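The chain below stands alone and is given as structure tokens, in the form predicted on its own.
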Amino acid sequence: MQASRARLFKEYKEVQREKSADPDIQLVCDDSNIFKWTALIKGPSETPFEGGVFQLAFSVPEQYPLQPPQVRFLTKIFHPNVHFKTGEICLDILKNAWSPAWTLQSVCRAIIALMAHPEPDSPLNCDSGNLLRSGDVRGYQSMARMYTRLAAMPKKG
């Protein structure tokens, strides 16, 4: 557990130092628990998520970095690889392709890449996956855009 704390503390210091280096990701550590983090990520441009800001919750195991963090969307998102109700993310690096070389910041980057390049063949959201698999890209994009507007964009006063 000492090793995981040291690693997370190092990542925390790096995030503080590089705040302006990556404007698409804002990673924040819980004040009272270094194993709990949240992130705000910007929807990638030229996707139905563009203009949205999505909140992620990280639960880091005590065996980190030997085991991956659990990450889920707190913001509703219509995406084939994200469970609509729980926000669980189907991404190989969070499961069997994890490596201790990954950081919480690079996990955020991978999630942004997944948002731009969905994998409809391993869906957690079957409705979304079926739209893409059947070739209805317009239907998928309009649903994803609608949920982005409803859940991930600031309300206009």
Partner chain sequence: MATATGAEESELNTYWCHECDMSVALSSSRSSPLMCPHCRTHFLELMDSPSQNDAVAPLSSLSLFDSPFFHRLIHHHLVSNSNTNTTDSPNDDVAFEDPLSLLSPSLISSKTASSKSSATAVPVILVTSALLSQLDPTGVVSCAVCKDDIEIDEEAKQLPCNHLYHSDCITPWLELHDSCPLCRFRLSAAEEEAEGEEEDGFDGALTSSEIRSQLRAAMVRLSELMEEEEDDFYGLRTTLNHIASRHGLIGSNGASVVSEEGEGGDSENFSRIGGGNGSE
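As the structure is a prediction and not an experimental result, all values here were calculated from the model. Numbering follows the first chain given and starts at 1.
There is another form of the same protein, the form predicted together with its partner chain; it is not shown, and what comes next is about it.
Within this chain, Cys126 is remote from the site of its partner chain in the predicted bound form, having no heavy atom within 4.5 Å. A residue is said to contact a partner when one of its heavy atoms sits within 4.5 Å of a partner heavy atom; Leu66 meets this definition for its partner chain in the predicted bound form.
Its partner chain in the predicted bound form is approached by Ile93, whose closest heavy atom lies within 4.5 angstroms of it. Although the partner is absent here, Ala113 is not a contact residue: none of its heavy atoms lies within 4.5 angstroms of its partner chain in the predicted bound form. Stretch-level contact check against its partner chain in the predicted bound form with heavy atoms at 4.5 Å: of 22 to 30, 95 to 103, 126 to 134, 36 to 44, the positive one is 95 to 103. Checked against its partner chain in the predicted bound form, the residues Arg17, Lys10, Arg149, Arg138 give one hit for a heavy atom within 4.5 Å, which is Lys10.
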